[in-house]
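As structure tokens, the next two blocks hold two forms of the same chain, structure 1 and structure 2.
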Structure 1
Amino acid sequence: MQLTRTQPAHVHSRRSLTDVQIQVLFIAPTIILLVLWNIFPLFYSLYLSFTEFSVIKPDVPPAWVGLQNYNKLLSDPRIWQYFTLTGRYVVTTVALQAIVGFGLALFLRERFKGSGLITTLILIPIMMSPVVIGLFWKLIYNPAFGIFNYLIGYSVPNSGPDWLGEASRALWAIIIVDVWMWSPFVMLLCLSGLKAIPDYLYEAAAIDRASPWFQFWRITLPQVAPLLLIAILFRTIEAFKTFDLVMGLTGGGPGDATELIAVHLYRAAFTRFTTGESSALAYIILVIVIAVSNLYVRSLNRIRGENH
């Protein structure tokens, strides 16, 4: 019969797709989208970094200028000033977040009444939009009615410092907000590391009369170190890219006291529209971030090797 002849053929054609082919079938769309949205722009912007080009002049094609953009940027003292400022910001925020986050994790490691609620409350800043946080802290820092000055001892309105308006304090004001916002993230990772440490290690140390400091230094810290380093790695990369908090709080001012490199990149790319030059700057930042990340990853691998 006709039916019995065609049915096996149909089944046969479906079965002709091997497992590998099915995998390719499902992976291909992702690969194509990745190429279109990530890989192509990555290489195209690399090409643009060697050209003089403005994206809002579509009729003027990119003109090849070789390393001119890189030379110009790397010989501009103002760029180095912004990089130095960013470096100070990254080191300070990440160090403080590591200390505060790890401290909070140690505090919350032991379950006590209300510890779940406290953990949840501490995590709230991570869930909020940085723009909202910027506006929120702008009010907190206001010397006339904000609560920050009151909390640090200036009980009379307008008697305390203007945190966002003074060049020497504005960067610290942003650092404080960043630490408040992201220490819970470090805490979360450290907490998961702390809870994974088997109790028998501490029991054995106690039998050997090891001091609490010795237990911390030889058991707690090494066990949590891989997760702490991962948290530090993430926060370092993010701190390098800090943009929204700065725009919300100071706009890069006063003067250029808080002009971090990401803010400057934004101005170059979207206010001045120097697309070629801003692509070069983006690649310089990328190289620095990769180099720093590499150092972290090597440390991480070394720690893992020691642990094993």
Structure 2
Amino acid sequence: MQLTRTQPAHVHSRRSLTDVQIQVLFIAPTIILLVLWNIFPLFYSLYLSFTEFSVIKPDVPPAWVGLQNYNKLLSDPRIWQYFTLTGRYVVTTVALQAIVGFGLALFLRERFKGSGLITTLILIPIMMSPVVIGLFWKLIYNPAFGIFNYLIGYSVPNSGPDWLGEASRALWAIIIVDVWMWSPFVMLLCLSGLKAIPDYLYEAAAIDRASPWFQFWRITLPQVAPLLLIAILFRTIEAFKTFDLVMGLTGGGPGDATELIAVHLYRAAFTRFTTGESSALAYIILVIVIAVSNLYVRSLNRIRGENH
């Protein structure tokens, strides 16, 4: 008892903190930053979507207009045109990435001389910045000195098409770059799934004299399907948000031929500064992405249920 009475005051105060209180002290700064930088802007932008407000007019407070911004956007045919363009872009790029990525994974499943080097070279695009890739491919597509037209058969300079300057080809030019850039991501996930398939499944199929097509359809594809669907889910969400690649290649042009919905959102928010309307558009995009993601997750759960 005498020892307790002689302890310094700060030692007694430190020992009075419980483990839970110490954990709260360590976690609290992170929680506060999370609220300030993520959750608060999320709800504030939701509030702004129901108002008429421009960020370049800070002296004019947000005026409540209810669902007017949403009605205006949903009744604008240009918005549906941009959504349709984005839908075509998403479906085409994700489908091509799934096919190319899965094909590359099948090719690299077996170890052979140089397979490690080839795998590393294929993965390089996903390590680079989309803006850098955009500028890089802008030079490749150049009709005067770019190598792309030469590779597809146009040996005379300026005789090939201007891929980024023609409205009918510009979107395909972006799709080609996106597939080149992100197919390695799909390949990586599929390759991990292929490596995990037990050899005895193929050995049993060989004993039963099953054809290669039967082995692919009944063994390979079902085993890789969950990882392939996860890759498709990630790529679908990212494709909906494609912005930097488009800005690096075409800037949304020529005209509005490559103005995907994310590019249109950027122009509404930071060129025309219609903050309230652009906030509403952002939430419409969010709802669509969540709905599409739920469809994928349900399909994934169904496939996993069938496999188990």
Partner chain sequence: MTTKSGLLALGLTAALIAGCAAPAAPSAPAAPAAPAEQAPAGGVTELTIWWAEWDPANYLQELANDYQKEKGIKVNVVQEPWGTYYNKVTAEWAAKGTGYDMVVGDSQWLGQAATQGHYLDLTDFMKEKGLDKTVTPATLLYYGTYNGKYWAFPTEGDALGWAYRKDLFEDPAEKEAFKAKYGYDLDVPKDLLQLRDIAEFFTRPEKNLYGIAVYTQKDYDAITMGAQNFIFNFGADWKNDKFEVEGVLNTENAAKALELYRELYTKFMPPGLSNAFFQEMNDAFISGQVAMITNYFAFFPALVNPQTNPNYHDKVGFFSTPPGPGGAQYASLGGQGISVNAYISPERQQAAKDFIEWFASKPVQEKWAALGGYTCNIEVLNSDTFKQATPYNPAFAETMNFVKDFWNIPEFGDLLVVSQRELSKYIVEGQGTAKEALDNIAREHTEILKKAGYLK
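None of the values given here were measured: they were computed from a predicted structure. Rigid core (definition): largest C-alpha set, two forms, superposition within 1.5 Å. Every residue number counts along structure 1's sequence, beginning with 1.
Visitor: Looking at both copies of this chain, which one is the form predicted in complex with the partner chain?
Guide: Structure 1, which is the form predicted in complex with the partner chain, differs in this respect from structure 2.
Visitor: Superpose on the rigid core, then tell me if the C-alpha of V24 is displaced by 2 angstroms or more between the two structures.
Guide: Comparing forms between the two structures, the V24 CA shifts at least 2 Å.
Visitor: Taking the rigid core as reference, does the Cα of A63 move 2 Å or more between the two structures?
Guide: No; that C-alpha moves by less than 2 Å between the two structures.
Visitor: Using a rigid core superposition, assess whether L34 undergoes a CA shift of 2 Å or more between the two structures.
Guide: After core superposition, the displacement of the L34 C-alpha between the two structures reaches the 2 Å mark, so yes.
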